[in-house]
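The data below hold one chain only, encoded as structure tokens and taken in the form predicted alone.
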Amino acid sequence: MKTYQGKLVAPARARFAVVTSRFNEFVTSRLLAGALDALSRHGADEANVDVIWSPGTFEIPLIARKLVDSGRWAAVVCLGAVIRGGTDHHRYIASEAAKGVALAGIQSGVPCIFGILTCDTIEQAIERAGAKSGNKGAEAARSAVEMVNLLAQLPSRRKDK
């Protein structure tokens, strides 16, 4: 039996994109700081990390798709914060963001990591952006590093078939 498992050491030349929503920036800036710290701690060269600011969370999937289509980045980390308000608007934003980020990754074969918080309250978002519950931005960045390594190990389709 062969076991495949990604390592938490960024490949030397791997480039990472971190797409971060400006909406709810008081939360997303903390997620971004956590992601950048995690990438650095796991060996990513700062020169190989690019930050792209999105106007909001809904726009993140389109940006992620544009990034993966370029072939420039080994992984895209998507960070945002959708916080419940007085209407159902948050449900549509969170649902479409999740679907879009997943599709960008599945259709391109490039890891697109969902680091978008979907919280009922501002307090929950703050907890997940570096307080009680750790930093979900850092977790997303670690997943990106691990996925890049894991996908590099997996067999690919033979070209002669």
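Residue positions are given as counts along the sequence shown, with the first one as 1. As the structure is a prediction and not an experimental result, all values here were calculated from the model.
Another form exists, predicted together with a small molecule; not displayed. Remarks below refer to it.
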{"property": "All of R15, D37 and A44 within 4.5 Å of the small molecule in the predicted complex, heavy atom check", "result": "no"}
{"property": "Heavy atom of N149 within 4.5 Å of the small molecule in the predicted complex", "result": "no"}
{"property": "H89 within 4.5 Å of the small molecule in the predicted complex, heavy atoms", "result": "yes"}
{"property": "Contact of A98 with the small molecule in the predicted complex (heavy atom, 4.5 Å)", "result": "no"}
{"property": "Contact label in the predicted complex: S143 to the small molecule, heavy atom within 4.5 Å", "result": "no"}
